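Consider the single chain below, provided in structure tokens and representing the form predicted alone.
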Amino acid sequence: MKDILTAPFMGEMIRHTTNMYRLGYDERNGGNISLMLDESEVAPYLDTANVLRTIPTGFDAAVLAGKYFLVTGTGKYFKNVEVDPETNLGLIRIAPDGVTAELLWGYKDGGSFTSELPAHLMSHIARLSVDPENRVIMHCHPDYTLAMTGVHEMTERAVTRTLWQQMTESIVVFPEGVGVLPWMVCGTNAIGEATAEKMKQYRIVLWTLHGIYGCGRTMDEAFGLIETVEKAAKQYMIKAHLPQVNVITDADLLALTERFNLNYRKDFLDL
């Protein structure tokens, strides 16, 4: 067997968790990531028949039975993933019963996956129903997006329009807009179900006064979505109190959609 720490998927997870902590997106043990893997990616590094232990998932994910996931651990700090990945990460497989995760590697201190794994699994299911190539669910707490949810009207149309108007690339990167949820208790199936429902329409969901749920086909795509939303939110928070001399108009946004052939939320523009 090859050393799992040399696996490309492991390198991706380590790079992203380290970078997200550096950027302040995931303070303390805040935030979590799950990366869905194919057996062909895992088998060169692990004996997939060797189950170390089983852990209840807290959710019936039978539709994902047999799927492999690399998942950040509960109570773990992103800053520690780089120095001790085997403690702070785990590689699991969803058992045939759907309510059990089979641990194949990691959580070596006896720990477990993030408490938001049910929300992740629900969102994976939702995204796979509209994009069979989706593989990543990423949750974090970026400063300016959090601040924006405290002072801005929290409807999908209003938030999306504001983010689109902040910088040219916004509508290009997330033409479908962003989903929005009111404040809810985290770590519950209720917020997971609500997020998953939004994920059928949006690749980004804002949790008011909590953070962002993003998804993608790759780690780069999921992170790229999040950092673009955060950059736009930063622009808004920096200049919201100042007179707006130059703005991106709805006509400008329409021109961008035509230039880049975007499938965008037409009802989010006033035309």
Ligand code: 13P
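Keep in mind that this is a model prediction, so the values were computed, not measured. One-based numbering along the sequence shown.
The following text describes the form predicted in complex with the named molecule, which does not appear among the structures shown.
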Query raised in the report: Would H210 count as a contact of the named molecule in the predicted complex, using a 4.5 angstroms cut-off between non-hydrogen atoms?
Result: yes
Query raised in the report: How about S34: is it within 4.5 Å of the named molecule in the predicted complex, going by heavy atoms?
Result: no
Requested in this report: Look up in the predicted complex whether T228 has a non-hydrogen atom within 4.5 angstroms of the named molecule, and give yes or no.
Outcome: no
Query raised in the report: Taking the shortest heavy atom distance, is R161 within 4.5 Å of the named molecule in the predicted complex?
Result: no
Query raised in the report: From the list H141, K198, H152, R135, which entry has a heavy atom within 4.5 Å of the named molecule in the predicted complex?
Result: H141
Requested in this report: Just give me the single entry in G177, G192, G106, G73 that has a non-hydrogen atom within 4.5 angstroms of the named molecule in the predicted complex.
Outcome: G73
**Report entry** Candidate stretches 89 to 97, 125 to 133, 163 to 171, 107 to 115, one within 4.5 Å of the named molecule in the predicted complex by heavy atom
**Finding:** 107 to 115
